[in-house]
Ligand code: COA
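First, one chain by itself: the form predicted alone, in structure tokens.
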């Protein structure tokens, strides 16, 4: 994979963690059609990369993403008519959907502003950590539209009914601490410690069985929309499929617990480095 200094998406791989960033700091990392196309290319190339076990999505500069670029994403695409609008929508939604069902665990590291359209990739990531100083807002109401592109769905999924209504109807921002309290992110820490905390969580995930991680994160997303009975049936089939695909990994985990007594599942993961022995 190659990139230039002018690339709208930056990335690097360190210790099996892929650090991917919105790279339009002068525009507060607003998402343009160009950025959306490039982001899909980058995450697709990293998804099955042998040196990547976890993907972290963040932003260069002082923002995570201030949402969609009003000039490039809205005005310029609308000038091309319905065809232009639909094309730009597909380009954005394509990488958000790809991220929701990504092969590797994903973490949103929200280092600054997260507005409007930024809620799409925020929800797409499996986990989310924010700087206490970060600002979150559905600003669409302030310039005369509804929170589209999935933003209203994200608010309704992650927030209580009353908080979702207030958040969407007022356009007021909340900081990272409030975002964590409301459930928009898992946790908020001071900006100075944000990368260290995300690295800690990423390294924890790297110790887990990757097949089980993929099955688990898919299961949590799927069962939210199912009845209990349907979820129960789905999970039985998903477990059978995971066992069939990675039966050796499961056997090693059970053996290390029952035979070797080298770990306790409730307190940590089995030793992946011993799996190939």
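Numbering follows the first chain given and starts at 1. Treat the numbers as computed from the prediction; the structure is a model and nothing was measured.
The same protein has a further form, the form predicted in complex with the named molecule, not shown here; the description that follows concerns it.
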Does residue 66 reach the named molecule in the predicted complex if we count a contact as any heavy atom within 4.5 Å?
-> yes
Do residue 161 and the named molecule share at least one heavy atom pair within 4.5 Å in the predicted complex?
-> no
Contact label in the predicted complex: residue 70 to the named molecule, heavy atom within 4.5 Å | yes
So, in the predicted complex, is residue 89 in contact with the named molecule at a 4.5 angstroms heavy atom limit?
-> no
Select, from the options 41 to 49, 28 to 36, 204 to 212, 234 to 242, the stretch whose residues sit within 4.5 angstroms of the named molecule in the predicted complex by heavy atom distance.
-> 28 to 36
Picking from 95, 123, 102, 113, the single residue whose non-hydrogen atoms come within 4.5 angstroms of the named molecule in the predicted complex is 113
Of 139, 199, 178, 186, the one that lies within 4.5 Å of the named molecule in the predicted complex (heavy atoms) | 139
